[in-house]
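In the form predicted alone, a lone chain appears below as structure tokens.
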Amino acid sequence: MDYIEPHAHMISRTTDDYQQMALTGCVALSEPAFWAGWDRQSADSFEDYFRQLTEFEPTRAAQFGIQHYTWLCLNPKEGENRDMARQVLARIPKFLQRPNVLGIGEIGLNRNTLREMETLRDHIALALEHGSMILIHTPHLEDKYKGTKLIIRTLQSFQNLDPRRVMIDHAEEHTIEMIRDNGFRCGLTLYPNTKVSLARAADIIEMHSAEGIYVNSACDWGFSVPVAIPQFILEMRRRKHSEATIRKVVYENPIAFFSQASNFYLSRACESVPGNVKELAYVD
């Protein structure tokens, strides 16, 4: 089954991972800007990072027939540094028109501090100024419920924000209802140890339906699995879910969300999908 990986940090993965993703059905992915594993010391390093996301990584993915899209921001873990945030945000606009950029993300909160909140608001304002979509990171573990609630309130404080153009990621059982009830799209992250297991993700979909939900691996330099989505497909099949339901979660829902960006094109011949997805003929 074809699938789309909505959240993968491929600059931290090997070329073999791209190959395995292609072999298991990945046709496109999106890569949010994220923390490098250490706090960067200069805004210049972000400019190089944004060039890597918009120039080099799409070329590497294309070797395996995978379309690469990206999101730009200063990650929430570095959002505490307000001076750095201002410098980085000033550099983002010139990259927003690059052909593989979907919007601003992954932005959000890490420790739910006031400075992180200020940086979050700056990112949201930048996205709205440029008509960009938004990808949200919610805090981990015990801070997740509080952080998700703060993020939703912050998003709703912007009167001209359309929740359908915002994906709130790393949702869990105790946050999914508040995300969907407020009109936002919802991401479930499949991690082997933290976030959501394959079984928990299937449980959540069984309890809440597949509407407005996608799954992702968020694979990075840590202990994560770049082929978590095909593993999830097998879990759903084991539970006797229909192929239509599985396809909706791993393929149609991401397309419906990403297609709100004018530059999202699924450039391969494939079955018709709902929504306004724009398809090009596949060129070998």
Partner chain sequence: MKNIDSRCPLPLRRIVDEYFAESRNKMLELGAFFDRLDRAGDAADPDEEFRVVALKRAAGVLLEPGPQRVKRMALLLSDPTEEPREYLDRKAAWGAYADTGEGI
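Everything numeric in this text was worked out from a predicted model, so none of it was measured. Positions refer to the first chain, counted from 1.
Another form exists, predicted together with the partner chain; not displayed. Remarks below refer to it.
- Of the residues given (R86, H130, R98, H208), H208 alone sits with a heavy atom within 4.5 Å of the partner chain in the model of the complex.
- You can rule out all but one of 210 to 218, 86 to 94, 133 to 141, 161 to 169: in the model of the complex, only 133 to 141 has residues with a heavy atom within 4.5 Å of the partner chain.
- Residue contact with the partner chain in the model of the complex: W35 places a heavy atom within 4.5 Å of it.
- In the model of the complex, no heavy atom of R60 sits within 4.5 Å of the partner chain.
- Although the partner is absent from this view, H241 contacts the partner chain in the model of the complex, with a non-hydrogen atom inside 4.5 angstroms.
- Taking the partner from elsewhere, E235 is found to have a heavy atom lying within 4.5 Å of the partner chain in the model of the complex.
- Within 4.5 angstroms of the partner chain in the model of the complex, the stretch 137 to 169 places a non-hydrogen atom from each of H140, L141, E142, D143, Y145, K146, K149, L150, R153, taken in sequence order.
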